[in-house]
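Only one chain is given next, in structure tokens, and it is the form predicted on its own.
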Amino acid sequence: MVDQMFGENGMAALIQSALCEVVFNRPVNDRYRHLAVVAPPAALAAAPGQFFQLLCPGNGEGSHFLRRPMSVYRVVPDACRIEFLYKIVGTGTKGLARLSEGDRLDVFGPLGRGFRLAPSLQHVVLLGRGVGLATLAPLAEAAAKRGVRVTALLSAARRAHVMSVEHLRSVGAHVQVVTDEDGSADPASVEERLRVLVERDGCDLIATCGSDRLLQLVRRLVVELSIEGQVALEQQMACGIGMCHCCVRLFQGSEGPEARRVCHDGPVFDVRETLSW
């Protein structure tokens, strides 16, 4: 199935459902797995912050009725490959974890509106927690390719659960790690680090994903410091194209709270307009 949606620039973007061959599906640690599939050209055009709807294998025969939304972790055009990082939390991701090299996975996308990189950007700070790190990795790569300085502040419960460090460093990002186990991931400590970064190195954009606490921290800081802020939201979705209204949540509009569809109007939004989960 091939369809088209129109983005902010009015250009038609190709959305395709395709059976993709699994290249690998391996554990990263005791919580997360790294999945790669061979993808068609439409999928390889995915922008940072966009996502796919994956038709996960069921517990028995066949597949789950509803697809699972999964943000893009990496696009490797030369290998015709897209990659995902995911946490095993329910029956859908448990089924996904059983896929092996050579199996087929039905992938629908790319979907949604991704991160926006202004031409004037000089320094981007990424603040992610858990699997939110996967969503921010393509943004780091895209910014670095444009010569923009990237600092990534990665948060996790334990150091063993921190992902993407080597990948982010390989694209030129400066990486800092904070964890709950040593207390450095406490919001007050993270705020202090962010303030030091902004004061010392300057900052044009703070992007975040994976934690409501971090979202609220970034929202307050970007307003106070007059910095652009963007957030990639994690939300339950059914269709992924805005028809079912399953992912509607409230945002702060110019005339008060207004309902928006995360899959269609986002999943990346202005932090200033994003209310708490």
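Nothing here was measured: the structure is a model prediction, and the numbers come from that model. Residue numbers here begin at 1 and follow the sequence given.
Beyond the structure shown, there is the form predicted in complex with a small molecule, which is absent from this document and is the topic of what follows.
In the predicted bound form, the small molecule lies farther than 4.5 Å from every heavy atom of H34.
Mapping the unseen interface onto this chain, Q122 falls outside it, with no heavy atom inside 4.5 Å of the small molecule in the predicted bound form. Contact check for K87: a non-hydrogen atom falls within 4.5 Å of the small molecule in the predicted bound form. Although the partner is absent here, S155 is not a contact residue: none of its heavy atoms lies within 4.5 angstroms of the small molecule in the predicted bound form.
Of the candidate stretches 185-193, 172-180, 91-99, 200-208, only 91-99 contains residues with a heavy atom within 4.5 Å of the small molecule in the predicted bound form.
For the options V162, V131, A142, C80, the one in contact with the small molecule in the predicted bound form, meaning a heavy atom within 4.5 Å, is V131. Exactly one listed residue, out of A39, L214, M70, A46, brings a non-hydrogen atom to within 4.5 Å of the small molecule in the predicted bound form: M70.
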